[in-house]
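The chain that follows stands alone, in the form predicted alone, written as structure tokens.
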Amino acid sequence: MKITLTELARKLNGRLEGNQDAIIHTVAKIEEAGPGSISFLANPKYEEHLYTTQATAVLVDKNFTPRQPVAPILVRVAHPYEAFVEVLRLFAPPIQRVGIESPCFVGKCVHLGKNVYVGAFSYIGDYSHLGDGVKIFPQVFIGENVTIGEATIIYSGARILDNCVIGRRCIIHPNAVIGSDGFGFVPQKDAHYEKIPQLGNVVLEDDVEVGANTTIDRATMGSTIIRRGVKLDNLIQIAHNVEIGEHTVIAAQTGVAGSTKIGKRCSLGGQVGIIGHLNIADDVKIAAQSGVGKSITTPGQIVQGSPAFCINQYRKCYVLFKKLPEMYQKVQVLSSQQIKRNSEVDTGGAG
């Protein structure tokens, strides 16, 4: 793709400083950019790269003042990072594939909407419904009675099991598994475990994104629900009957145990663990590697640690924790001195 800076600035509602006829054909990081590319400067700590970059143009804040002359053409915008995301969208190639490749299996009474794409070696079970513009890449498995909303994209290797409901404009990345059995077993007297049938499903509302190798278990009864706008990273485990509120984001290697309810607009860092049957309030932030063992009922709270608690208290405790070896040595010295004094007193008394 090629675009003039004049046209690009118009799309971004920006103001140019430099050659308006210059042409951009790629995007790049500011420190790696070359001729014909556009980059951005949003964080002041990277300003030094502005004076050495080979980029043809750089997006900067509308009020930014350079400390020295710059070679690139400046495109002044209200929010450089958000504007750069818009540029990335312009350069992202749209998926143009349409039709059913061969070989693949399409079961009985399957509804395929307009402009649907089904890649080779995919399987679509009986009574499933694919909305307009759905894109199914090769080697995808879709079980029976699955509903997939319009413009959803499912990448290779993903598995959508029976009775699951996927909303509109969702993106499911390679090897994600949606609708596998929940981890439910009843311990028996002879120490073996009896499997609990998992009869529910998974519901993804509109605009949900599920990362590669993430697994979302079907409910024992009812539905595991991922609400509108949720973004799940790679390698996440969501257990049966969990509900995740609108626009919550969860980073990689997080595990959420069964029947936990997470509120709206929450942020969970990588490797967070949450036990089952908890309630997490709206707008809560959980720092990476935290272990949550009780409900968080205060909206907007930020927690860290294992067990997790208020991040400000955690930081104070961590300062003390780092000093424990030094404090231990001091205690040992004081203890030795006290023992010596006691011994001297005892010896003096005996004389």
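Numbers for residues come from their place in the sequence shown, where the first is 1. We call the rigid core whatever largest set of C-alpha positions still superposes within 1.5 Å between the two forms. Please read all numbers here as calculations on a predicted model, not as lab measurements.
Heads up, the form predicted in complex with a further copy of the same chain isn't pictured, but that's what we're talking about next.
A.B. asks: Among 70-78, 173-181, 108-116, 127-135, mark the stretch whose residues have heavy atoms within 4.5 Å of a further copy of the same chain in the predicted bound form.
C.D. replies: Correct option: 173-181.
A.B. asks: Which pick from V165, A151, L278, L161 sits with a heavy atom within 4.5 Å of a further copy of the same chain in the predicted bound form?
C.D. replies: Selected residue: L161.
A.B. asks: Does a further copy of the same chain get within 4.5 angstroms of any non-hydrogen atom of P325 in the predicted bound form?
C.D. replies: Contact check for P325: yes, within 4.5 Å of a further copy of the same chain in the predicted bound form.
A.B. asks: Report yes if any heavy atom of H247 sits within 4.5 Å of a heavy atom of a further copy of the same chain in the predicted bound form; otherwise report no.
C.D. replies: Judged by the heavy-atom cut-off of 4.5 Å, H247 is in contact with a further copy of the same chain in the predicted bound form.
A.B. asks: Check whether N342 has any heavy atom within 4.5 Å of a heavy atom of a further copy of the same chain in the predicted bound form, and answer yes or no.
C.D. replies: Yes, N342 is a contact residue.
A.B. asks: Can you check whether V98 is within 4.5 Å of a further copy of the same chain in the predicted bound form, heavy atom basis?
C.D. replies: Although a further copy of the same chain is absent here, V98 would stay clear of it in the predicted bound form, with no heavy atoms inside 4.5 Å.
A.B. asks: Within 4.5 Å of a further copy of the same chain in the predicted bound form, counting any non-hydrogen atom, which residues from 139-161 show up?
C.D. replies: Those in contact are Q139, V140, F141, E144, Y155, S156, G157, R159, L161.
A.B. asks: Does H25 shift between the shown form and the other one by 2 angstroms or more at the C-alpha, the core having been superposed?
C.D. replies: Shift at H25: below 2 Å after core fit.
A.B. asks: After a core superposition, would you say K11 shifts its C-alpha by at least 2 Å between the shown form and the other one?
C.D. replies: Superposed on the core, K11 moves its C-alpha less than 2 Å between the shown form and the other one.
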